[in-house]
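Same protein, same chain, two forms; see structure 1 and structure 2 below, as C-alpha cells.
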Structure 1
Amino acid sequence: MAVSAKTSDDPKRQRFAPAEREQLIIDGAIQFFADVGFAGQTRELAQRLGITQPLLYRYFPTKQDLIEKVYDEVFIGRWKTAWERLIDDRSIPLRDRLIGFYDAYASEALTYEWIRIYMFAGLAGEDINRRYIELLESRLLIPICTEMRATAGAPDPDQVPISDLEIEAAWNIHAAIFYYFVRKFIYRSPVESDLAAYISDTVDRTLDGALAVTKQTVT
C-alpha cells in the first residue's frame, strides 16, 4: 500500500501557533541571509520555508522588518551580560578574563550565521555593523581599556579619559579572533584547529604589549 506524501510529520504541512510560525520564519531567515546575503528575495525565502509569500508578509510586512528581527536574534540575543561581569571581575587576572570571554564569545556568538550576516550587512550598507560596533565599544572595548588601566597601574578613566589609541589596542585583540572566523566561514581557508589554544595565544601575544604601552603613555 502506497504511503501518502501528506504525512503529519511533514514540517511544511504542519499547523503552527503564531509564535511558533514566527520563530520558524526567523530561524529560516537567519540561515537564508547567511547563505545568500541581503540581496536574497523574500519570495525565495518563502519557497525555502515552504510557505506562501503573503503568509510571510503577515508576520513581517517588509523585508526590513525581518532584517531587524534577525539582528535582534543573532546579535543582541546572543550577547550575555555575564560576559560584561566577567570582564569587570578584578578577582580574576585580566589575561584569564579575556581568554574566558573570548572562549565563550567564539562558541556562542561567532557562528557561521553570525559572521556571514555581519559581513553581508556591511556590503549591503545595512546599519547592523554600526550598531553592533557601538555595542562592542560601550560594553566590551571601553571596559577592557579600563581594566588594562587598572592592571597597568595607570590612572582611572575618570581622571584621564580613554584615548582612541587605547580603544584601538582593545580592537587589536578582538579583531584577531574575529578574523579567525572570517577566514573560516568567508574565505573557507584553513585555520588553527585548536580554537582554545589560538585564543590563549592571541591574548598572550597582544595583551602584554598593550599593558606596557598603557603604563608608559597614560599618566
Structure 2
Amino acid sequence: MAVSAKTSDDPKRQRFAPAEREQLIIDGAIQFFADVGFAGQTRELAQRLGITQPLLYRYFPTKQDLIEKVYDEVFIGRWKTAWERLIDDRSIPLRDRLIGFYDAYASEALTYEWIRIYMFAGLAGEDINRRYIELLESRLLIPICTEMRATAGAPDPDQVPISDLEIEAAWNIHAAIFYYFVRKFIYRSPVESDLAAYISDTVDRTLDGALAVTKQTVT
C-alpha cells in the first residue's frame, strides 16, 4: 500500500469569484433541498458542494436567506411569458395550444426540483404557493377560460365574467397534468413513460368536459 492518510477529497482548495460561487451554492441548494427538504443540514449541503459549512455563511447570512433565494430562482425565475402568448394564439386549435403549452410547461417548469420544492414550501406554510396559484389563475386559467369561451362561441368575459365553476373546470385540466408529476417525483410511483402521449391524451379527455361547463354556464 502507498500513501493516502485519509480519504481526503480536498485535492486543492479552489477559489471562485463571489458571484460564481454564490450561483454554485444556489444551484446545489436547489438540488439538495429538493431531495431532503428544508430541514436538511447545512453541513450536508456543504459536503455535496465540496466546500466547508461556514463558507455558506459568507454568502448567505442565515439558512433562511438561502432558502428564499432558492424560492426566487425556482418559482419566479422559471415562468416564461412566451407561454402566455401561446395560449392566446387563435390561429391554432385550442386543443393544440393546450398540448403545446403543457409540453413546454412540463419540460421547463414541472421538474423534479420544482415539484418537490413547491410541495415542501406548501407544507411549511410558505405563501409562495398561494402567490404562485394567483399567478396561475390570472396568467393561465383565466386565459384558458377566455379561449374556451371563444371556442364554444360563448360571450366574451367582458360581457359575462368568468365564473368560479369555469375556473374549477380549468383547474381539472391542470390537476390532471400536475398530479402525474406528483406521482412520479413525490410518490416515485411508476407512471406512463411517454409524457407527450400522456399530455395530449389528458388534454383530450379533460378539455371536452371543461368546454361543456363553458357552454352550460352562459346559457
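Under this definition, the rigid core comprises the largest set of C-alpha atoms superposing within 1.5 Å between the forms. Worth saying up front: this structure is predicted, and the values here are computed from it rather than measured. Just so we're on the same page, residue numbers count up from 1 along structure 1's sequence.
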The form predicted alone? Structure 1
inquiry  = Taking the rigid core as the reference frame, tell me whether H174 has a CA displacement of 2 angstroms or more between structure 1 and structure 2.
reply    = no
**C-alpha of D65 off by 2 Å or more between structure 1 and structure 2 on rigid core** = yes
Does V191 shift between structure 1 and structure 2 by 2 angstroms or more at the C-alpha, the core having been superposed? no
For I51, the CA shift between structure 1 and structure 2 after fitting the core, in Å, is 3.7
